[in-house]
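Laid out below as structure tokens are two forms of one and the same protein chain, each shown alone and named structure 1 and structure 2.
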Structure 1
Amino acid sequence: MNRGLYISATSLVANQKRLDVLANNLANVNTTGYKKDISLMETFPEKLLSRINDKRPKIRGIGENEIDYEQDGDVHRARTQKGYFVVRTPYGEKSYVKEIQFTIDDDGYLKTYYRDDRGEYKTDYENYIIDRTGNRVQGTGNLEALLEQIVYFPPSHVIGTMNAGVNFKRIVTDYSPGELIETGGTFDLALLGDGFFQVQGEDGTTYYTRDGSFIVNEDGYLSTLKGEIVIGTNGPIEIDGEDVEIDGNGVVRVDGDEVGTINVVNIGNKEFLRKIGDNLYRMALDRNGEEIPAEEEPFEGQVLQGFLEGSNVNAISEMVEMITLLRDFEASQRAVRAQDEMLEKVSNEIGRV
């Protein structure tokens, strides 16, 4: 079957998901405290291509071990001219690449990485660099010498690499602040700085939110519009009075008496926060189905009473990106159509000859 048809189809599928993310961002351009999502794409693993009728490629540990290597802080970069570095994806597939960028994880393994919103290097669910026998590589000291030893030189009938298209990898959330909107509401709160309000659902689950449009529920407690109870440093905050004042530290005073302090925390591992709807976040589950603990840190910002934080979605830039995406989508459609027409000619016209 025509491989190009499948590759073009992967682009259509990935772009459709990107389009869904963009549409969701635009739908929430006026949602209080909403943080926009960003799509991350990746190619499928690079596979070796061999000449037809040649033997299947086998690992050959010979060749000139010449690589270009450099280190910049915790980041290592290496490139080989004649061989390949081999990485193993989280799904166990091998990918052959000419250039790698990696860091060393807490267990000493060489892994690809990404950077979180604080600029720290993270290696969870990233690729391992493996040696010629398929073992994950650990190393310290002279890494250049170590990398030279693991370069894979394919047999002569291997003519290069090819991937099977693009894949939609994941959605990440942009936690940059939105515009502050002054409302004058007594229970409208905004956070100046990194942090989240903690709220609690009926089942006792703790959620996080930047949406500070709170109310006093029928039981007299401070809650969200959907009914989740706002958590204070000493439990729920009861409002029984007329004159309510909330200062920059989240201290709540009713008729001059202090009744509680709103618990605002910063999350150190925000990459594991997941949107669950209604402007709420919850920590993700690990591979064992257990909730990943939140690394809660003290809030160093300020609570603003009478303000709400708007969405951080820029409608114009999102529209520009959507137009570009639609053009990419149309190009992939044309590629699929061209290959379909080619297959039609092969099956119909050549048969007549």
Structure 2
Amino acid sequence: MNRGLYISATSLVANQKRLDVLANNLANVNTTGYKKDISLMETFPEKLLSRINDKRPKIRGIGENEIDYEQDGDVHRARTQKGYFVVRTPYGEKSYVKEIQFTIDDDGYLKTYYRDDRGEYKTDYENYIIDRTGNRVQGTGNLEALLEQIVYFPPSHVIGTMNAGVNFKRIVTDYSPGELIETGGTFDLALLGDGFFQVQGEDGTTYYTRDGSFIVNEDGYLSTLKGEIVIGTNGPIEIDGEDVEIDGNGVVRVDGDEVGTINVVNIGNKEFLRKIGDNLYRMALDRNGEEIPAEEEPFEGQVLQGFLEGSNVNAISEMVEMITLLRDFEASQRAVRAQDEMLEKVSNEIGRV
């Protein structure tokens, strides 16, 4: 009935999900090795609005179209005055926009991007820029000329675009380090620098974790509190003795004898790590149910014995975000009510004879 009502409601829904993510961060403010989640929102695809019953649809005159194009490092920006750029969302929908920001992905496609916790440009699950025939645009060199060719000029009955509100797009995990807490525990390990401990569950699945609060299990192997075995470079690490020393490289010495090295790896494609609870991560499963292989890189940091890594949740910024999202929520609610009032007038006042 009233499109705006639904558009405002999308904001209510999205902000509710944002609060869910935020509450989880706050609940884990004291969780060992917890990494906070950040919600990213996006607008729904911009749809073209057309006049209905337009008798004489024709291609709008191509005329002179100026494209403003600039490049800033990996980021490209372009603006068109007439016509639209067309981007295709991962859902397969087309969105028509006047202005685009994109980067060029590993395969040479022009794609929108997001920035991860290290400020790197990521293009997984992003929108492709497509040309007039609907093909993804690949390009290097003179991008301005290329962009000029792909601008879509809508038929004359198109009067503009409109979007359908805001969508909760994705959750990005911020892997920045938490503070180190001294515990003095023999099997309490913290990682300085990017990397993960590898642990193995009973079914053989490899998990990753930053929670180095380990114990020795019934069989004498180093394991997590829940029983996942810590993987060493040569299999599980057996602790039989009392004087246990673990050095910066993860080498475990029991009573002076080397018994193994804890395998710490850095993961290149962290965007496919999924939290599964219990402070564990595992690689995501793709459409075929297969695990996406982890791009393991050597660990360049240090293992610290007697320390644990705290959560990296910053209470202040989370509180600020909570306040802003509440106010956003309030504003959207007002918008819904205003539209409701309009509808009320429509139904009760105009209709009065």
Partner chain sequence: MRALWTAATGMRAQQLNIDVIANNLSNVNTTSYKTSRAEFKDLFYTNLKRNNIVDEEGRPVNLEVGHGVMPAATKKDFRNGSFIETNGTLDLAIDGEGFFMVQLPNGDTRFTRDGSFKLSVEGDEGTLVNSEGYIVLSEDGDEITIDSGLMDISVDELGYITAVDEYGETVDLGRIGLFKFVNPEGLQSEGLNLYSVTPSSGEEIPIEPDEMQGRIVQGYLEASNVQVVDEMVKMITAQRAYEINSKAIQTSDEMLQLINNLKR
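One-based numbering along structure 1's sequence throughout. So that the term is clear: the rigid core is the largest set of C-alpha atoms that superpose within 1.5 Å between two forms. Please read all numbers here as calculations on a predicted model, not as lab measurements.
The chain appears twice here, and it is structure 2 that represents the form predicted in complex with its partner chain.
Split into two rigid parts for the change between structures 1 and 2, the chain puts residue 198 and residue 137 in opposite parts. If you fit the larger rigid part between structures 1 and 2 on its C-alpha atoms, the smaller part is left turned by 9 degrees. Comparing between structures 1 and 2 on a rigid core frame, one finds that residue 73 has its C-alpha moved by 4.2 Å.
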